[in-house]
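There is one chain below, alone, in structure tokens, taken in the form predicted alone.
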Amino acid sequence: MDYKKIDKDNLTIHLINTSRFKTINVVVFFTREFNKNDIVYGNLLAYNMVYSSKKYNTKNKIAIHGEELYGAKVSSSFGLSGKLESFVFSLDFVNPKYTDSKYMKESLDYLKEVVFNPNVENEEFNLEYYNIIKNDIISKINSIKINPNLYAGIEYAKIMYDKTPTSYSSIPTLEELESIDNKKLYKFYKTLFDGSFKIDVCVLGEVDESIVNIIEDMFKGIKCNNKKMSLTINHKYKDEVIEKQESLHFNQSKLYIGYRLIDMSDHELNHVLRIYNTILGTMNDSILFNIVREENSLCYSIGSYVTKYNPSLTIYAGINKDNYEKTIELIKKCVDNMSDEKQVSRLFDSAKKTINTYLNNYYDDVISQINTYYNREFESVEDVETLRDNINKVTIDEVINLNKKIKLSTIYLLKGDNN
């Protein structure tokens, strides 16, 4: 693999040259600092852009053209990460060395059509398709309350990460959706190119630098924000533990317990915590799984995850509401056990093996590789082998001592009234 970064006034191009795949992936990131008012636009825009374009003005036409390019696919998404929001447009197509050289330019023109030539008339997105997308999002919003995992995760985040970008769901409210129309959406679309957003184009595959000229031409005349941005949120958590319960008509109850991470070094956050979290709640033989589920049969599912850019550790479980107090007691015991050398030592080597197996998957994961180079625009990111070496150097004592920097912050229960 060979990597080259090309900085231009109006965009940054990342060439990740590898012969590992028979496809070429081109991903365009429009990034700026989070604004809660953009969430509704993000949802509408991401779907509208790939539904149709000016040239391919129906859903069938845009799909058929992709098939004409040997199954080329263009997708889009809107996402929140740390302090930033991003619109992402992705193209993947068969490397033209296996088809015909003309398909390099034609496939990139397909992406160009989607990004720069939306299905717009009189400065309004096509109303018929706009309403189809709007109704799809309405269905998505209405489905939140019938999806206990999703609903509980959203409500927990509101409490745990109060007044920070992480407290917001990437799904808008019905009120926000009704405040937008197809004309306002087009007005927002134009801000992608007015200098508000940083623009990165990542290319992964077996390519040479001739693709740079095509990309530069594609973005000619576009403005870009080159202001330095960061993903990390400096959240000042409250000292007292916040506990909240609410009820909905589900069979199962959902429990979320959030711990804040206090003054961790980069090594602790990126290496030691990964092993700590694996032992606690992600590996098959984790402490949480063994004690809460296997030994006491108090949950249907249990695990843990780390929120890196708003530093925190979350434990989640599907439980019966009658087991609420006992489950919390045992979860706290599990976290306490992370200070027990005997407990940690028993799982320490297995945790490292689990992480190393996961890291091996990096080389076959196009998205992970692209995101690594993209994220380096906002933070220090180790290459996968440096990360592996640093994780393998972590000691049992470092894992045990990490418990001193983890403090309970939030307990949230979505009570299933049907059980």
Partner chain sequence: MKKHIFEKVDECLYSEKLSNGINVYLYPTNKTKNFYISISVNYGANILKYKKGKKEVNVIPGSAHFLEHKVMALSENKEISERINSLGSLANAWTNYHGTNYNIFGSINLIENLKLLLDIFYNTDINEKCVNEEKGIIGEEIDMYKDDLNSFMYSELFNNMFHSSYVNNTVVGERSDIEKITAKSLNEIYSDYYVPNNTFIIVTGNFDINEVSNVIHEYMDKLNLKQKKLPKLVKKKEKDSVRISYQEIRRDLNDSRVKYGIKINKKLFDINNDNILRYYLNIILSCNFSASSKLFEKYKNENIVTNMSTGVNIIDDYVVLMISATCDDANVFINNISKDIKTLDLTKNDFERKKKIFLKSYITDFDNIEDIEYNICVSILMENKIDYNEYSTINNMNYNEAIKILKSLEFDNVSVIRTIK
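The term rigid core refers to the most C-alpha atoms you can superpose between the two forms while keeping them within 1.5 Å. These figures come from a predicted structure and were not determined experimentally. Residue numbers count along the first chain shown, from 1.
Below, we refer to the form predicted in complex with its partner chain, which is not included among the displayed structures.
Contact with its partner chain in the predicted bound form, defined as any heavy atom within 4.5 Å, is confined among 159 to 167, 278 to 286, 187 to 195, 75 to 83 to 278 to 286. Contact annotation for the candidate site: V94, N142 and K353 all lie close to its partner chain in the predicted bound form (heavy atom within 4.5 Å). Taking the partner from the other structure, its partner chain in the predicted bound form has a heavy atom within 4.5 Å of a heavy atom of Y51. Although the partner is absent here, S312 lies well away from its partner chain in the predicted bound form, with no heavy atom inside 4.5 Å. At a distance threshold of 4.5 angstroms between non-hydrogen atoms, K105 is out of contact with its partner chain in the predicted bound form.
At a distance threshold of 4.5 angstroms between non-hydrogen atoms, N401 is out of contact with its partner chain in the predicted bound form.
When you look in the predicted bound form, the only residue of Y324, F116, Y305, Y129 with a non-hydrogen atom within 4.5 Å of its partner chain is Y129. Here is the short version: of S265, N251, N213, N234, the single residue with a heavy atom within 4.5 Å of its partner chain in the predicted bound form is N251. Contacts with its partner chain in the predicted bound form, taken as any heavy atom within 4.5 Å, map within 39 to 61 to Y51, T58, K59, N60. In the core-superposed comparison between the shown form and the other one, L69 has its Cα shifted by at least 2 Å.
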